[in-house]
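The same protein chain appears twice below, in two forms, each given on its own as structure tokens and labelled structure 1 and structure 2.
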Structure 1
């Protein structure tokens, strides 16, 4: 999901950095002192999600949890994801510093979809199931689309890689949707107040 250092053209790096700076700056300015703890713990959760491996046939994939983070934080998710990606880039080399802007935009912007989907009030159990699945599925699908779009904009030679990258994320989208659905159901049973507050 992260684009590595050295892959993208300067125009794309600068464009991504400008977009992300504006969005993170807005989220940061509107972040109140009392919101810092919640933002920090969910940033930590996003950071550690890449260590949670889910089996998929002979291989395994890691979670992103952008939908849950977006649902619980709303626009503040930009700051949380910025901090998490910065630490991942520095400590593990996932992504990096020059691609931080692009990666933050690709991963944080779609979480807004998770936020809006989560705020919809379903009337039936089936619509709730579909909505909560979408809270996980849609942000990751949008992130994969943005990742592919970024690669495709990098030049005609990168279009094949962009298509393959999107296809590679298809199973992950479904797994993220299923895990998000069951996780939200679990929270609803154990501590429903957290979902009402969100």
Structure 2
């Protein structure tokens, strides 16, 4: 889902950089000392999940686990994802530094959907199951949409790549939904305080 260097127009890169800078700055300002360990753990989780990827034209397909990151961190997910993408860019050249702003926005902004979905209070075990599945599914669907929109705005030559990028992420959306459901159930058993704080 990372967009590679040298693909996007300067105005898209600048727009993404401005938006992400403002959101990451806000997230840093709201980050409390006691939240740093959890933010670091979830940043590492995102780093590992998104590092295993399949190249697909100007982008790639991979797990994101943004729903878990968003559910447990809320707006501070911007810090976790920024740090992970920055390290991937400088250490491995995955994504890149010029595209960092766009990639951060496309991957971090949808995590807020996971945060708000997680804050809903289900009344039955089945509604909780559906809700926690959607905590994983919806953020990735939104990220795939933003990725496709970014590529489509880049020019007519990228429209087919934009469609392919979205379709390629459809099976990953379901996988993320299942992983998120079981991960949240596991956290509920071993560290329920994390869910209460979230």
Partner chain sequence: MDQTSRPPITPCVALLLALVYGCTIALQTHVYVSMSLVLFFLAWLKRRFLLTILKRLVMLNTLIVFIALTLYWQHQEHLAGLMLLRSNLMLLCILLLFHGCNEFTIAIAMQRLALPHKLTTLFFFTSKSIFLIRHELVLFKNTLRIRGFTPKTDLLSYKTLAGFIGTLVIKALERSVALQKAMLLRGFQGEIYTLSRRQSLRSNDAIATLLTLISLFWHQGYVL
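Everything numeric in this text was worked out from a predicted model, so none of it was measured. Between two forms, the rigid core is the largest collection of C-alphas that superpose within 1.5 Å. Residue numbers count along the first chain shown, from 1.
Between the two chain copies, the one drawn from the form predicted on its own is structure 2. For residue 191, the Cα deviation between the two structures after core superposition amounts to 3.1 Å.
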